[in-house]
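Take a look at this single chain, the form predicted alone, given in structure tokens.
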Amino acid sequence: MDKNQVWAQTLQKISTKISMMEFHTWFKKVHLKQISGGAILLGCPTEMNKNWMENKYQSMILINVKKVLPEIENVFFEVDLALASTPEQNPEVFVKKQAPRKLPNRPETRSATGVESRIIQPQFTLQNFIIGEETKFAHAVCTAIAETAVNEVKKYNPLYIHGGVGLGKTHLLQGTANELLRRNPNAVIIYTTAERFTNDIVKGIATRKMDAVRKKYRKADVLLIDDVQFLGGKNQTQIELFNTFNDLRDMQKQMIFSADRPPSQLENIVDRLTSRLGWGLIVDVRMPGFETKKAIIQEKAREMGIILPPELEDFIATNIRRNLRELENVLNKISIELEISGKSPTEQSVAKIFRSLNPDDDLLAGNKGKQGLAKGPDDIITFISDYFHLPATDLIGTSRKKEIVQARQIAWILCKEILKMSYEAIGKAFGGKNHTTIMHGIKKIQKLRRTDSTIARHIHALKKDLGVR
């Protein structure tokens, strides 16, 4: 099989795993340049394309190319500016995905002829939205709107949902759109983002087809616009939205908006538009609590075919502190590592994922106990082994090499301070050493910790990795 066939089959597999827009944007001009020594070299047309592929798609490419050539172990990238003007190697893969597909058993979003509308993703429903105390009200309002016929008087119009990144706003908007389409298959439901709305306006002005753009949005029975904070500073777009808002409001059409902050805090948006966005019901969504996060983890893991023990669910839920996209990122990495290595995830392996994503964050044990991630001396030996890149057998052995002795004594002090083990118990865990040897080693490290900044830094870093404050 030549390299073009390998890449064509790999692209075919990748095309089923990401959106059409992503696939076209990042893969269309990427060429497989070389297969050698268990590795492939991919050429990218720009530095930005190369960086994006390395950061976001490297693992996905490796997994799928291994299905074609099992001997491949590495994927490398380089910039080849000539590719920008070179036809794609596998045009048939992209031709199949050029036209938006009708979603199975789903009506398509209807809109004015000649203007593209973003397709609503079927995986977002109001039924599979995990409801917690922090999102219960927003979900109830969206459900009430979805259950209101498009020709009935609107209870909450407009609805404005705000909250931080990755807290479920898009899920609520698209879930509402999906439910409206299910109940009203002939209705004109338009879901879009502020960026896409802006692009439609720019395109309409450039092609002198603004009338078509206006007709598209003003014929909507329900208009949903995500992330309206990105309209800041886009004056012409704000004018068009202002006028569209007025027309739809006059016709008693439903509008739903989302943003990362309340209308009054939107920046570089004219007062007359922010006042209208706040005319109806304003609802906030907040970071879910522990129980809700755990329920979301269970649902996402089920969808991905991952089996997580309860204590690992607790650990992930405890350490997801920013947003729910971080949660999906962690689960995706667990899934990739499971597929590549075949090893079940552990608190230690998941802790490494968290540290790679947020190296400055302290990790907390799922049970929030003082011992953090270490349940016994074996856990501490594993962490020390990984940290100092030493075999675990050396730590419990008798080697007198300075670097091994020092790492071993640091392990002893962590067993003493974190696990509260006796000198005798530590000695037994480390190959049957005498308790006086353990006591002497711990006293030595305690002294060095006060005078040697490197030792102090190692102990601090290890405790942080172990989730001990």
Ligand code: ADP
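Please read all numbers here as calculations on a predicted model, not as lab measurements. One rule holds for the numbers: they count along the sequence shown, beginning at 1.
Although it is not shown, the form predicted in complex with adenosine-5'-diphosphate is what the next lines describe.
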Can you say which of 293-301, 180-188, 140-148, 344-352 gets within 4.5 Å of adenosine-5'-diphosphate in the predicted complex, counting heavy atoms only? 293-301
Mark K234 yes when one of its heavy atoms lies within 4.5 Å of a heavy atom of adenosine-5'-diphosphate in the predicted complex, and no otherwise. no
Is P377 close to adenosine-5'-diphosphate in the predicted complex, meaning a heavy atom pair under 4.5 Å apart or at it? no
Please run the contact check for K216 against adenosine-5'-diphosphate in the predicted complex: heavy atoms, 4.5 angstroms, yes or no? no
Quick check on H171: any heavy atom within 4.5 Å of adenosine-5'-diphosphate in the predicted complex? yes
Can you pick out, from R249, K203, R325, R196, the residue that has a heavy atom within 4.5 Å of adenosine-5'-diphosphate in the predicted complex? R325
Which one of N128, S275, S85, S356 is close to adenosine-5'-diphosphate in the predicted complex, taking close to mean a heavy atom within 4.5 Å? N128
Could you run down 185-205 and flag each residue that has a heavy atom within 4.5 Å of adenosine-5'-diphosphate in the predicted complex? none
